[in-house]
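The chain below stands alone and is given in structure tokens; this is the form predicted alone.
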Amino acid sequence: MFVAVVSSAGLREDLADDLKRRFPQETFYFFRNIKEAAPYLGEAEIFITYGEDLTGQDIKNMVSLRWIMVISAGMDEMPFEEIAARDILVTNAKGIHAGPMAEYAVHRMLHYSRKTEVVQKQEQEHYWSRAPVMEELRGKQLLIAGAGAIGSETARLAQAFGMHTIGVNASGKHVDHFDQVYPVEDLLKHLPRADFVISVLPKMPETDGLFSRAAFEKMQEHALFINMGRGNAVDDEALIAAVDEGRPGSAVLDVFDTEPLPVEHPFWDHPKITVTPHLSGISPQYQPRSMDIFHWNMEVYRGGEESYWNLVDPEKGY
């Protein structure tokens, strides 16, 4: 039976060749973007995408489409209304970001605690001083909003440094590697405990502006706030006002409501805010890990008895 698999994800050549070897019965078409893939969309029974290129009209035009494999976790731009109407199967690559993003978080916490910028400036000025106070992560309180796969892996690494880990999620149910987990409605109650606050929240109506002026006012003066989830969770103006007033002490932002971050945005030049260009989850292992999930799901799609890995509910959008 002829099955056309079309990819607009710009897959590495070695991974594309591996797919052909693993699944010789299928016909694969690999492209760098959806514009290149356009002539083959009507044939696609399976479509591999990063999830940001598909439109509702594309779904209507893809008359043979039965399964979409999104090789990312965030699906903010997916046309789920049209997908749900056609009852199209959707899977994603949730979980593959956990390792690199957890390392990013630990790196930023160490960078802040060990006064890296101060020491580097002293080096550049050839100035010998042991005055900067080196803080330890051990014994510090870490609050993570979004106790999913990424939050859990971040908490695991934090516990290895001797940190106390507090999780916040929708239900308040226990998650591995957290000392305590609380429901999101209790966020403000526990923010004053934290030396570090990390948001890995997804983009949903419920997370819009969750880190508001009221939330920042609850943070300690020395606290570091890190957002590596989605930009909608942070009220930009509230954060700027809060760090100007010294609570929290500093912020690291990897995600923003508008990306790329506009060149005139005040975050760029703020002395207490560090901007990174949505790179916390980037790794050379990104595509290979996403293909591991695709391999499993392809076997299921072809008649395996196991369940799909990372099945997405189009009605819910996750």
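Model, not experiment: these values are computed from the prediction. Start at 1 and count along the sequence shown; that's the residue number.
The next section is about a form of this same protein that is not shown, the form predicted in complex with another copy of the chain.
Checking 260-268, 22-30, 59-67, 39-47 against another copy of the chain in the predicted bound form, the stretch whose residues place heavy atoms within 4.5 Å of it is 260-268. Taken together, the three residues R130, E135 and I273 all come within 4.5 Å of another copy of the chain in the predicted bound form, as judged by their closest heavy atom.
Though another copy of the chain is absent from this view, in the predicted bound form it lies within 4.5 Å of a heavy atom of just one residue from I88, A238, V184, V106, which is V106. A heavy atom within 4.5 Å of another copy of the chain in the predicted bound form is found for exactly one of Q220, T116, Q180, Q141: T116. Heavy atoms of P100 reach within 4.5 Å of another copy of the chain in the predicted bound form, making it an interface residue. Shown alone here, E153 lies within 4.5 Å of another copy of the chain in the predicted bound form, counting heavy atoms only.
In the predicted bound form, no heavy atom of R247 sits within 4.5 Å of another copy of the chain. For the chain shown alone, A160 is a contact residue for another copy of the chain in the predicted bound form, at least one non-hydrogen atom being within 4.5 angstroms. Of all the residues from 275-302, those having a non-hydrogen atom no more than 4.5 Å from another copy of the chain in the predicted bound form are V275, T276, P277, H278, L279, S280, I282, S283, P284, Q285, R289.
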